[in-house]
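Here you get one chain, nothing else, as structure tokens; it is the form predicted alone.
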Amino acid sequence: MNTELNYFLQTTSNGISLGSMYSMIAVGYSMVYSLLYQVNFAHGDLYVFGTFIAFSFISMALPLPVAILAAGLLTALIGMTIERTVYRPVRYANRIVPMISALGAALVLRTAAQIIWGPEAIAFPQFLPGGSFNLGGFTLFHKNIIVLLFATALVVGLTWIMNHTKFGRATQCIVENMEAAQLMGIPLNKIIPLVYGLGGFFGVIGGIMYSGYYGVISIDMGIWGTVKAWAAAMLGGVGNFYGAFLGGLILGVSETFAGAYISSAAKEALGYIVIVLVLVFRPNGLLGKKKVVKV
């Protein structure tokens, strides 16, 4: 296999891995956004806080699966607490009010993380396997395969939950029409906190995978995570988990190719140029559907 083709395939593999991690964070964001159509500024700092919790558990020598599950559950609990104290009191207020409340929650989480773990980047245990195998001269790393399979399994599992469980069907009713769902007896104050909790759980799983892949965690990943999650969700289509997965892949591959073939400075720009071009022709995203308001 010639060098150019090998480099192209390696870049594609790395881009898919990065996009898979974006998609896991984006799915958690998309859950909350599709419910209330409000930008959740606290999502990035929430998943980073949960990733720091996982770091602490791993440092305490807890088994990796236990550390990840415990961090995910604690993050879900924090997400539910944020919904109860920050979002619920302003649920029916002007759209700008919940956004300001979310910014406040994000600052609280970021400040708490800085106090507990410090402001500097920290080396995160690289728990993903480091092996690889050769395919005709192309080296495929085991961790790239695992990240993609894990992201796919999470998206498929979440989609199944939303389509085949009482909780999922109730959530879809709330997304369709919150007032009508409440009139039909769906308990908003039980379902909505669970959505926030599940969104935080999926977000922290993506954060753990990202930190484990690159071996680093930092406070600055919070604002980065919010922007990437929003971008991937918009690109794929709000409320569509397969769309968020696809949007994350496209964003990750675009950035990786820009960094590999143009320059590192163009890496961020090209990803958002792709998003703008897609939304010009598909305003609701690649797999999104226009929300129809019946009167």
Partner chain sequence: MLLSVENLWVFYGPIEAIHDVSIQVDQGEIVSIVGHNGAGKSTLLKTISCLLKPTAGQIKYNDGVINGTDPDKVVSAGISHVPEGRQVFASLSVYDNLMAGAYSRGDADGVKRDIDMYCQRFPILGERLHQRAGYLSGGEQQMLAIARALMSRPKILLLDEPSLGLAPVVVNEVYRIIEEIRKDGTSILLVEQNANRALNVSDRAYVLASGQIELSGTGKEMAENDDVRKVYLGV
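Note that the coordinates shown come from a computational prediction; the quantities given were computed from them, not determined experimentally. Positions refer to the first chain, counted from 1.
One more form of this protein exists, namely the form predicted in complex with the partner chain; it is left out here, but the text below deals with it.
At a distance of at most 4.5 angstroms from the partner chain in the predicted bound form, none of the three residues R84, S101 and G104 contributes a non-hydrogen atom.
Contact between C173 and the partner chain in the predicted bound form is found at the 4.5 Å heavy atom cutoff. Among residues of the shown chain, N177 is one whose heavy atoms approach the partner chain to within 4.5 Å in the predicted bound form. Put simply, M184 is close to the partner chain in the predicted bound form: some heavy atom of it is within 4.5 Å.
Although the partner is absent here, R91 lies well away from the partner chain in the predicted bound form, with no heavy atom inside 4.5 Å. Here the chain stands alone, but in the predicted bound form its contact with the partner chain, taken as any heavy atom within 4.5 Å, falls in 184 to 192 among 110 to 118, 72 to 80, 198 to 206, 184 to 192.
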